[in-house]
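Presented below, as structure tokens, is a lone chain in the form predicted on its own.
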């Protein structure tokens, strides 16, 4: 078992990374909350796959169960409101707590509901996807989507703890696992030379899901995020680095109506765009292109539902919460393991990047050995 602390003074909390220890979680919750009332929020897929686990936990913790629909398209105010309705129906008060059992959508919605209900109650994250384990379950960002953009309605609300167990990944579809690998690979661009080298040297083992290497990759990712969040909780400075590739990725998700392209797949394209723009904007030295390309090309390139329209993607970026003062901010690669936040990138460079990567498929960072949409 690995334990990592997110250091936020009196709001610090542990992240436990375990394997085949899900049956012990209720004991941890009992110790933390001591017989308080609870609602467990999950989605229909997890409720079916882990019905026996949930039933066993329910016997020990006597929680109310809320099952929401599965998928990013359900990450809405309506779904969030239904979770709040369950809290009210079961008369949770400020001393009670919430368990978020699922991927990033469940974690974001349950966390946002916990943040808003009675102006804030406790919650814990139990991520069941690789993407949630390495990223979304840690850091306190909670939100729902709006038709105009991703995660536009939300709050910062730190969990009391995170319990990530690798056994949940045994039922994770390969497509979602690869999407989680994309988020893990992201830390190679921002977390320093050590994690860049680790991911570069173990990329295939990570993609293949080799347990020991994957455990180490998750640990290194969480350590990186914990350090950044501890330094900058609400994205006033270096936390913006966690958005590497996301300005492009969120625009793609919004363009496709949050269907047909899952977040991790959009992030693969987003990181390709970030590297292409880094090359065009000269934050990346040409001597590092080969290293970046080698890392990116390990990730299977997902097909796009249909050809995107660059001008609509560019417009969507301004609705993203990363825009500031009417200007776009991009996180671009600098040297292996490091990235920089850049403002005032010309519209032409962004549009040329979108055309090169997503339409003409002429970017130097694309893997030509894989089929392109």
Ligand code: NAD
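Positions refer to the first chain, counted from 1. None of these values were measured; they are calculated from a predicted model.
The next section is about a form of this same protein that is not shown, the form predicted together with nicotinamide-adenine-dinucleotide.
Enquirer: Tell me, yes or no, whether residue 171 is in contact with nicotinamide-adenine-dinucleotide in the predicted complex, where a contact means a heavy atom of each within 4.5 Å.
Expert: Yes, residue 171 is a contact residue.
Enquirer: Answer yes if any heavy atom of residue 221 is within 4.5 Å of a heavy atom of nicotinamide-adenine-dinucleotide in the predicted complex; otherwise answer no.
Expert: Looking in the predicted complex, residue contacts with nicotinamide-adenine-dinucleotide do not include residue 221, since no heavy atom lies within 4.5 Å.
Enquirer: Does any part of residue 49 reach within 4.5 Å of nicotinamide-adenine-dinucleotide in the predicted complex? Heavy atoms only, please.
Expert: It does: once nicotinamide-adenine-dinucleotide is placed as it appears in the predicted complex, residue 49 has a heavy atom within 4.5 Å of it.
Enquirer: Can you tell me whether residue 276 touches nicotinamide-adenine-dinucleotide? I mean in the predicted complex, with a 4.5 angstroms heavy atom cut-off.
Expert: The answer is no: residue 276 has no heavy atom within 4.5 Å of nicotinamide-adenine-dinucleotide.
Enquirer: Heavy atoms within 4.5 Å of nicotinamide-adenine-dinucleotide in the predicted complex: which of the stretches 76-84, 98-106, 211-219, 292-300 has them?
Expert: The contacting stretch is 98-106.
Enquirer: Name the residue from 28, 45, 334, 58 that puts a heavy atom within 4.5 Å of nicotinamide-adenine-dinucleotide in the predicted complex.
Expert: Exactly one residue meets the criterion: 45.
Enquirer: Could you tell me which one of 158, 151, 203, 283 places a heavy atom within 4.5 Å of nicotinamide-adenine-dinucleotide in the predicted complex?
Expert: Looking at the other structure, the residue within range turns out to be 151.
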